[in-house]
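As structure tokens, one chain now follows by itself in the form predicted on its own.
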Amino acid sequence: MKSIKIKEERRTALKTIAAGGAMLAFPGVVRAQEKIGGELYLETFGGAYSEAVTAYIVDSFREKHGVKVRVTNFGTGGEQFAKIKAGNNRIDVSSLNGSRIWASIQAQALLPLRLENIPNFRKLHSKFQNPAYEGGSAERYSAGLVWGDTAIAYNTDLVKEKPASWHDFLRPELQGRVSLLGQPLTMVQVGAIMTGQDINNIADLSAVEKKLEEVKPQLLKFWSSGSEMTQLLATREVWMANFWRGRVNKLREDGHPIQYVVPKEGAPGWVDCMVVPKTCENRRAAEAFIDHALDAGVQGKFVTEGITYAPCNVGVALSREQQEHLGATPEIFETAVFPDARYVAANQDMWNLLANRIKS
């Protein structure tokens, strides 16, 4: 009888060990039991972007999960990048431009996404499920929310001839009425396009710098944030600038005579992502928030009623008219060129020096 009892205890112990091993082998089983609650600290771009995130993503997330969300804003992507790298403040979810993802990964500033807790990630376009801007990392660190291009915005009352080229920045009548985004990456991209070069394979950087020096006398200033550029266009201080389609759509909805055009040379693509910084203290809620933001219904309202950019979720139902309004047509997407993360990282210091010389 004693030997039978020992055998039964041994079988019970083995079952317990096996069960524990299964839980370790499939950590999603454990994670699925994590409670979604508490507070979530979200930081995102300011102005109309923040208003749309709050109205069309944050509010419905609060209602669905009962999580208190604290929303704060940052001025520029560079500021947020520096803040995430420093890791001095709690941030559970942050907006981050795709061009900064690889550097953030290299700096070990981000937590990898546990995709079993973000099922809507599988509904993103393939370009965002294994993105070039993550530099071939084995794990995923970013979830694309919206994407678009950076082309030309202009005031139709003040600029009589519709621009067709980046070289229209050099029109004599526009001297002092042009503005250019002062981020080194964007400056170099514009200079590369104007000199007929591939933004991911610039062979003649001196030609880029020379072209930017030629543009500089035309500028009222280098702009630094979407809110600033919106104000400059609204007050008619700037008549033409490189800007984002969604912000131009918002200006037009508010009654300003601003139009958007993609020059014949093309325009660089961009993507705004959601990431989980290493300072996150509520990881499960952060993952639930990202999954909620990627939902086709949530994204649909966000891009058609909020900030009018193209959604990264390919399941968002859009009419052809809406696709054209958002810049979300298949044709635009296939021709969009996104910065290569490794190329940007390898050249960023050199581009920073170039930009500082131009702006000095």
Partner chain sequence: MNAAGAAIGTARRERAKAAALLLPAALWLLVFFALPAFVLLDSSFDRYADAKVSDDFTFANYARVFSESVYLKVFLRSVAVAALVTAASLLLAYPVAHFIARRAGKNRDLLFLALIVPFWTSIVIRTYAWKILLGTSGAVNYFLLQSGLAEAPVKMLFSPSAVVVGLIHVLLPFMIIPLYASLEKIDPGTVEAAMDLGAGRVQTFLRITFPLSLPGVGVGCLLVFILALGSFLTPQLLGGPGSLMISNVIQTEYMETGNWPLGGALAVVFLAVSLVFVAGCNKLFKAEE
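Numbering follows the first chain given and starts at 1. Note that the coordinates shown come from a computational prediction; the quantities given were computed from them, not determined experimentally.
Below, we turn to the form predicted together with the partner chain, even though it does not appear here.
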{"query": "The single option of N130, T72, Q106, T156 touching the partner chain in the predicted bound form, heavy atom within 4.5 Å", "finding": "Q106"}
{"query": "Listed residue (T150, N200, Q183, S137) with a non-hydrogen atom within 4.5 angstroms of the partner chain in the predicted bound form", "finding": "Q183"}
{"query": "Touches the partner chain in the predicted bound form: R100 (any heavy atom, 4.5 Å)", "finding": "yes"}
{"query": "Partner proximity in the predicted bound form: K162 to the partner chain, non-hydrogen atom cutoff 4.5 Å", "finding": "no"}
{"query": "L232 within 4.5 Å of the partner chain in the predicted bound form, heavy atoms", "finding": "yes"}
{"query": "Any non-hydrogen atom of K216 within 4.5 angstroms of the partner chain in the predicted bound form", "finding": "yes"}
{"query": "Which of 114 to 122, 251 to 259, 192 to 200, 82 to 90 sits within 4.5 Å of the partner chain in the predicted bound form, heavy atom basis", "finding": "82 to 90"}
{"query": "Output flag, R62, R284 and V303 jointly within 4.5 Å of the partner chain in the predicted bound form, heavy atom basis", "finding": "no"}
{"query": "Contacts with the partner chain in the predicted bound form - residues in 216 to 253 whose heavy atoms fall within 4.5 Å", "finding": "K216, L219, L220, K221, F222, S224, E228, Q231, L232, T235, E237"}
